[in-house]
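We give structure tokens for two forms of one protein chain below, kept apart as structure 1 and structure 2.
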Structure 1
């Protein structure tokens, strides 16, 4: 079934043209009649799917930060560290900007993004309005570009290729967890539809007025 006919306008993020929203078939999308940019899409049950994927991502994220990423064995000596240990080691070596950047992009931002999704989705699914929704949504849009788990994974793979000829590398639990986390976060981004948040808030408001 198509989503209900909305009676509101939507502005294109690319050209700013104000247009009337139309009802869409499931998995359908609307594009700007002027520049062709994507306006919104109809993703049925997107909030429940996003919540499930977010919980799975949190589990992967927890494992990725608890267990070692990889172990290195050289001449009988074995050393392994997790992500927090790597950040701490960079800081102790005087590489403060690099340490802060790694912490912000691989730990703080992903954790904040997943916490925001939980903060928004759980009350909305329970037909409750979370406080300060507008500010929280703006915060999520602001920090989203700073989450770089996939870049971190690429850096690890490049390092593995360069080191494999010199040392014995033993992949840790966190390495596989980071790989799963990358997939989970990509699935969350594909499933999450900000438009559904506002539509759901309208339903909650209408139900209270009735």
Structure 2
């Protein structure tokens, strides 16, 4: 029996085992027969679905950064903050490394991730190859672990509990926007499938050559 072509094989990213690709039902997934890691998924409409979810996430992200998250009241004094206000206040207290870390993980990375998705998905759906697509895909893989909105959301809840016995708490619009953003970003992560993008790029290239 002749060996299958290299392009029809897939190597497990976690254990390195080389396996032959098989066709999958829509929404099906293949797992590695050595270590059980996910090899690839067949998600026929992942690009348009991811685009729709990204736009929803961008709306939540904007609201979450415009409005205050929480306000507190103590003996007639009132104070409220949003996320960027918290980052700026930490910077002014001289905690530059921590302030930069919080900014990078809760504002910069999620914003960059959503911008990259728009930049990639809109041309791809229109059968265009986005300029510098390989570098952008690599950037996407690099920054992905550093977006931590869901951890920040838990941080807000812990802060709520710490404050609730001492001060009066006034929840802001951004509190609900962050909750929605957490859901949207996990939905985006679940529906985004880098393999689809690479296969789609191959298809665009083949169309051009024909």
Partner chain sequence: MQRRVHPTPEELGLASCHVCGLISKRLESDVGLLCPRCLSRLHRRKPYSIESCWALTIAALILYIPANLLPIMETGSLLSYRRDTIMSGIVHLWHTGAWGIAAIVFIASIVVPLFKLLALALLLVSVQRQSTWWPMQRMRLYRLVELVGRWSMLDIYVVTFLAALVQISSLATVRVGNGAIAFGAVVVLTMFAAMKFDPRLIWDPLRNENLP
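Note that the structure is predicted; figures quoted are calculated from it, not measured. Numbering follows the first chain given and starts at 1. Take the two forms, find the largest set of C-alpha atoms that superpose within 1.5 Å, and that set is the rigid core.
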property: Matching structure (the form predicted on its own), either 1 or 2; result: 1
property: Core superposition between structures 1 and 2, C-alpha change of residue 187 at least 2 Å; result: no
property: Angstrom shift of the Cα atom of residue 19 between structures 1 and 2 (superposition on rigid core); result: 2.7
